[in-house]
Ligand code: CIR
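Quick setup: one chain, the form predicted on its own, written in structure tokens, and binding and motion questions come after.
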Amino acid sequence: MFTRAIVKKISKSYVDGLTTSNLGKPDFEKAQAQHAQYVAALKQCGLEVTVLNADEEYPDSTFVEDTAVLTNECAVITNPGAPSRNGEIIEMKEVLKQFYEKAEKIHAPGYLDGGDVLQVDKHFYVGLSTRTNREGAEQFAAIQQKYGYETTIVPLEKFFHLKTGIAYLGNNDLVVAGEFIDHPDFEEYNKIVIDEQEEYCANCIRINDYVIIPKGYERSKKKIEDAGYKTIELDMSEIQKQDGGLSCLSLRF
């Protein structure tokens, strides 16, 4: 059960942030509107939302998920793999002090993006990507072991972040796409398989009574609803242009 979330407003510099997509430049005003709808959806799910001000110095800083991993026991401040994003953790560390007494940290030469970390109850999966290296993943595993969590390190083949292609909904249910459909590390789960044409929908988030999904993926929506979940659809077009997804825009705890 989540009760809180942290989000960060989109800066004007967002449109010039990092991306690997070929979807075109984001529309700033439309991105702002989509972010506002996202915040409203979090509140609909019952969360108290802390909204941080936009920071023009860090174009990608609306993607707060990459700066920390939060559990009931502690906050882990990450060490983002993109040099231009590394300074984002300074503010987040201060913000999290009001919610957590215990804070851990990933140190160089280890790098870790929160988008590469999937929690399934007392088990973490950490993806090795262009933004997360093995040293960072192993530091994270050692930290979580102290609090009774197990960690599996998963080298990625194609996806940008681990959670680009996988989401945990609870009840042993995983939403999976691409390389995770037949991945041996996820054999034990019930799989809701997202086809290649709707792959973006694999980045969805379960928050209490709802699963928030990107708008426009009807086959995936039906599969998730057929599995017994209520959905909220959000237009994510301007977020997708910057390699962002639903999980990227908040820290939920």
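Given the structure is predicted, the values throughout are model-derived calculations rather than measurements. Note that residue numbering follows the sequence shown and begins at 1.
Heads up, the form predicted in complex with citrulline isn't pictured, but that's what we're talking about next.
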Within 4.5 Å of citrulline in the predicted complex, all of 131, 244 and 248 (non-hydrogen atom): yes
Residue 183, heavy atom within 4.5 angstroms of citrulline in the predicted complex: no
Residue 23 within 4.5 Å of citrulline in the predicted complex, heavy atoms: no
Partner proximity in the predicted complex: residue 168 to citrulline, non-hydrogen atom cutoff 4.5 Å: no
4.5 angstroms heavy atom contact with citrulline in the predicted complex for residue 127: no
Stretch from 157 to 165, 103 to 111, 142 to 150, 170 to 178 whose residues place a heavy atom within 4.5 Å of citrulline in the predicted complex: 157 to 165
Stretch 82 to 113 - residues with a heavy atom within 4.5 Å of citrulline in the predicted complex: 85
